[in-house]
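For reference, the chain that follows is the form predicted alone, supplied as structure tokens.
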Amino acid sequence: MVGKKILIDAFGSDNPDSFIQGIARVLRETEGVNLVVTGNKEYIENQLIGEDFDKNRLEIIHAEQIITNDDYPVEAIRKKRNSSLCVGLEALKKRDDIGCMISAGNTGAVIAGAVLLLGRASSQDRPTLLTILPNDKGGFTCLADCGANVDCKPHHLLKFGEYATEYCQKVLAIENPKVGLLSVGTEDKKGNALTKEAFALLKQSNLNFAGNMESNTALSGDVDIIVADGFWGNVLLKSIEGTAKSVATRMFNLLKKHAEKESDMLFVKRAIKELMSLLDFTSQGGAILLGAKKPIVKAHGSANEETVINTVKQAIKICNM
């Protein structure tokens, strides 16, 4: 059961029709969850005609405007106050019965809106965008920050580690998560001015700090949390995603080339599909914006029905933090 309602920004994704169908599936397949959805009410209701779900567990708040990926984030937040994103953020801020928000819209606008409309948990800190990576040990490694803050100071990285540690403990049930600092070498003195100063802060903190780590061990599972500024964290994330797709494609082509008979390809296709499923980070939900007054899950822009299901499951755990 979920005590708090989950708010979903129905628009802003690449395919809002599929996204809205996912909302219906959530209400059919997930017991005890109540949703508040923002967007064009008539459009949403038309998309849900014929869908079988408990209408009493769905509330729709009308919003005429949509913030797109072509909009400048801060300008859009200021000028499109009747957008599904802004209306959602205002509801999240004002209503105690809503515990978490989900949006697949413009990432910059989600972050800007969280700061400008919802507010930061502390005036001294910056919200961090945390994503979850499946690792080689069969568990998960959290990466914070993965793109929200491209220019950071050392104390910001310390705070990212603290936010990620709390998430690991309360959502992933990792009692004492191990924290690694992304750098260009594992030695204590390696790195630039930012990482060297952040290293000293992390070492002096109460976190379970394991020291510097290199990007080639990001998925090893040797640490539970990777701390980085948003610029290099995003570079790491996109590099992993691109490499995974490239390796899977090359492996498929090689196996296809050397397959002795057509039936062998059935095995190959199943294996590659399973591999890609394991490496599909969005299958775990979305990135989590921590450090605002309430948490926000940022789903991928290409989110579909399945993404909505997984993201709501993730939000349920966050609401119970």
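Please read all numbers here as calculations on a predicted model, not as lab measurements. Just count from 1 along the sequence shown to find any residue number. By rigid core we mean the largest C-alpha set that fits within 1.5 Å across both forms.
Form predicted together with another copy of the chain: not shown, discussed below.
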Going by heavy atoms within 4.5 Å, which of 129 to 137, 114 to 122, 158 to 166, 200 to 208 lines up against another copy of the chain in the model of the complex?
129 to 137
Answer with yes or no whether S239 is in contact with another copy of the chain in the model of the complex, where contact means some heavy atom within 4.5 Å.
yes
Answer with yes or no whether R250 is in contact with another copy of the chain in the model of the complex, where contact means some heavy atom within 4.5 Å.
yes
Contact test in the model of the complex: A193 vs another copy of the chain, heavy atoms, 4.5 Å:
yes
Check whether I61 has any heavy atom within 4.5 Å of a heavy atom of another copy of the chain in the model of the complex, and answer yes or no.
no
Once the core is superposed between the shown form and the other one, does N46 show a C-alpha displacement of at least 2 Å?
no
